[in-house]
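What follows is a single chain, given as structure tokens, in the form predicted on its own.
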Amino acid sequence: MNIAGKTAVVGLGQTEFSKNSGRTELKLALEATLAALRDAGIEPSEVDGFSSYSVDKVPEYEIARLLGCKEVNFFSQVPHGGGAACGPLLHAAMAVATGVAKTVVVYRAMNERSWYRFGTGSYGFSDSPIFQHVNYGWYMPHGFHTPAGWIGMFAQRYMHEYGATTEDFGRISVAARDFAATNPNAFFYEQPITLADHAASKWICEPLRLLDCCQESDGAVAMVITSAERAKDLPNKPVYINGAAQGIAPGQQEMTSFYRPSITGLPEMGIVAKRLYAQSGLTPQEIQTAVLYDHFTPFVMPQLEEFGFCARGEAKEFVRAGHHARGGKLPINTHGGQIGEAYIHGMNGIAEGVRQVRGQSVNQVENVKNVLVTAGTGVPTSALIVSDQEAE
């Protein structure tokens, strides 16, 4: 069964994005969820499904209790952190398309700046037989403590093989901050940067500079998914889920897939790309704008290649030509991305995809019909295509 075009995003809600929300993650989740339901014109008691993803401290049963849900028939939590960001919409679409649930809320709420920080290198690992602890035990003694360190390995090899430079990474950062500068919801609103600013920012883990790294943010985003048939009777323009997929490739590990024959690509994203294009019947040329997961700028480039927007090793020419920037042939991260708007673990990127299809983005691309949204890279991953029309 192809789920393409069977379901739609009908409600969107979010909190402000900050470095100190001053409230619990549960409260943030409820604020975003209630805003999404108001946007959809759906009563909270009608919700019968929930989906989120790991590194989440907000249980669906507590949201259900506080919303006053009557009967919850479906709930899921997708593993692998940011790589799962698009997974909950896949799960919601499958649940609704198969009749398991009628109205599903997907959400992400986090105080990733004021409560805990992913990039500290301190994850509570101990001398235990848990696989993840043992696995990272082979890397951490050599200084591989943080995501920046892990990504730096891939970035160095990509530069060596294809001739990319840190300035190319800077072009991605500059474009993201340019979009953020005109987005009032972005943390870096009215704060654009230049290539010189990027080059002057401090090294975090060579070849990554500070301005190659995403933010740490507090905030929440939620969406409501229901059937395409019901969506037509609701207040907002339906945003159809015409493609949704997850992928694990051979040799996959979590952020440390260093033992593959090549580490310059993202084969798990290639698996997802193949599935999305097959489901939707679309080609790369039919995507007007994309939200590419930008926890670190170097991994934006192989995503462009895996999805067929340019050939292998040619993403550097793509960004040097400005195709990814404002006015380019494929503007990416028009909300400012996780570099410029906020790091809500990818869910704010999905929200931007929805806004682009609705025609409500502050940096609206002309004639948007199809938007690609990707999730975290370096881990088992996921992605979406959302559209203004149902897939045929």
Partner chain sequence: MSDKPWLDKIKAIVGQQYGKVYAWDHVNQPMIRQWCEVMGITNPLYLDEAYAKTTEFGQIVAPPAMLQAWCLEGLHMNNYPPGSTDENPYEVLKRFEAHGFESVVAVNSDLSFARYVHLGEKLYYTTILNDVGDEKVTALGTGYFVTLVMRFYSEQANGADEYVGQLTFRVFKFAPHQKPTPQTDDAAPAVPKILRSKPGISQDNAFFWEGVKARELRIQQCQSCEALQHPPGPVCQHCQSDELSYIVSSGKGSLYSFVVMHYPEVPPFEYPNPIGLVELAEGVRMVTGLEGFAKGELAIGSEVELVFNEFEGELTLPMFRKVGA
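This structure is a prediction, so every number in the text was calculated from the model and none was measured. Numbering follows the first chain given and starts at 1.
The discussion below concerns the form predicted in complex with the partner chain, not included here.
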Considering D127, D233, E190, E71, which brings a non-hydrogen atom within 4.5 Å of the partner chain in the model of the complex?
D127
Just to confirm, with a 4.5 Å cut-off on non-hydrogen atoms, which of P79, G322, G119, G308 contacts the partner chain in the model of the complex?
G119
Heavy atom contact within 4.5 Å of the partner chain in the model of the complex, the stretch among 175-183, 146-154, 223-231, 105-113
146-154
Answer for G137 alone: is it within 4.5 Å of the partner chain in the model of the complex, judged on heavy atom distances?
yes
Does E317 reach the partner chain in the model of the complex if we count a contact as any heavy atom within 4.5 Å?
no
Does the partner chain come within 4.5 Å of any heavy atom of H133 in the model of the complex?
yes
Using heavy atoms and a 4.5 Å limit, would one call P261 a contact residue for the partner chain in the model of the complex?
yes
Contact check, 205-223 vs the partner chain in the model of the complex, heavy atom within 4.5 Å, ordered by sequence, gives C205, E206, P207
